[in-house]
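The chain below stands alone, shown as structure tokens; this is the form predicted on its own.
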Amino acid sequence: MKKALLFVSILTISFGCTTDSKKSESTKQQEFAIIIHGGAGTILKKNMTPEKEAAYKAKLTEAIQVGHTILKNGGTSIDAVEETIHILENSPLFNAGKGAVFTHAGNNEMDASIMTGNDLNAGAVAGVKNVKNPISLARKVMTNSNHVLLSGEGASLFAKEQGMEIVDPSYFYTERRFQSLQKIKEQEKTELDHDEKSAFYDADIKDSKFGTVGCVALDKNGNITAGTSTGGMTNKRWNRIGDSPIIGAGTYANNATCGVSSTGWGEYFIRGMVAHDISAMMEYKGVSLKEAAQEVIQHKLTKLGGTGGIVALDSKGNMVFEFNTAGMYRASMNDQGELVLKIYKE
């Protein structure tokens, strides 16, 4: 009798452990869902004024509610992603569109990409200087051309041919981003030891490699779309391009697995093909989205020396924020309208 009770107890404990490890992954199919980010980096509450924190939260809320409304009304995930990212691109708070950082030459060069999970179609642009909403141009590349990635003058010419909204480059000027460039240039001229540099430059300067906006959405038809837009790296030279317009690195979507949008030090995300790697782990190893995201960001990316994070959702509407930095501007909403809004690491 004691042996039988012991056997039952072992079974109960084993079953309990299995259940606990899966608590983060819902078995309930979400009818639709949406998740966004506004960049990751050294985002600390001690460096944030109440007014600035409120501004970020308000804009993230505005953006995600736009996409959520589209999905709730039966709209497509691609429309939800594009319109959500528009809100973030049009805000000077984020390093994309209006808030894009400056290159070494003192101009703004923007990158963006978008991908649909039902057909693995994708479009991207890099080094765009005069298109108000690069994410919309990326969508045009996907739907109205035979290509995936256009860059520089060619991308701008295509934008004009497609009737995109073209703006004077001065539209992208913000004093905050311009001053960040000046401080970094001053850093290059000044002989300071490492400790002095760390004390002298604020969080905006330390995170000159970071700053991106992104969105992933699942619509009522079960289609996933992921999109990412950025101004790149402050003080970048030689038409440097990061991970944001690279399909598989900054953006990836596949209805069979998940959709991912990345933010962080782009060179490492390219080398690790971070967005696709998360999908591949789900497909080939059969692990959950949360498990795959943790492995890729907390182990693989970190081991390489990369910093940043991702937002992602799977075919059931499970959503994850995963990052190895001090913070990431982020939000999510499910089909019940429940809003999760966070900035700092918890």
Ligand code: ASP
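What you see is a predicted model; the values in this text were computed from it and never measured. Counting begins at 1, following the sequence as shown.
There is another form of the same protein, the form predicted in complex with the named molecule; it is not shown, and what comes next is about it.
Contact annotation for F158: none of its heavy atoms lies within 4.5 Å of the named molecule in the model of the complex. Using a 4.5 Å cutoff between non-hydrogen atoms, G259 does not count as a contact of the named molecule in the model of the complex. The named molecule in the model of the complex comes within 4.5 Å of no heavy atom belonging to R177. Of the heavy atoms in T84, none are within 4.5 Å of the named molecule in the model of the complex. This chain is displayed without the named molecule, yet in the model of the complex the stretch 226 to 234 from 226 to 234, 168 to 176, 74 to 82, 138 to 146 comes within 4.5 Å of it by heavy atoms. With the partner removed from view, the residue among G99, G242, G123, G117 that has a non-hydrogen atom within 4.5 Å of the named molecule in the model of the complex turns out to be G242.
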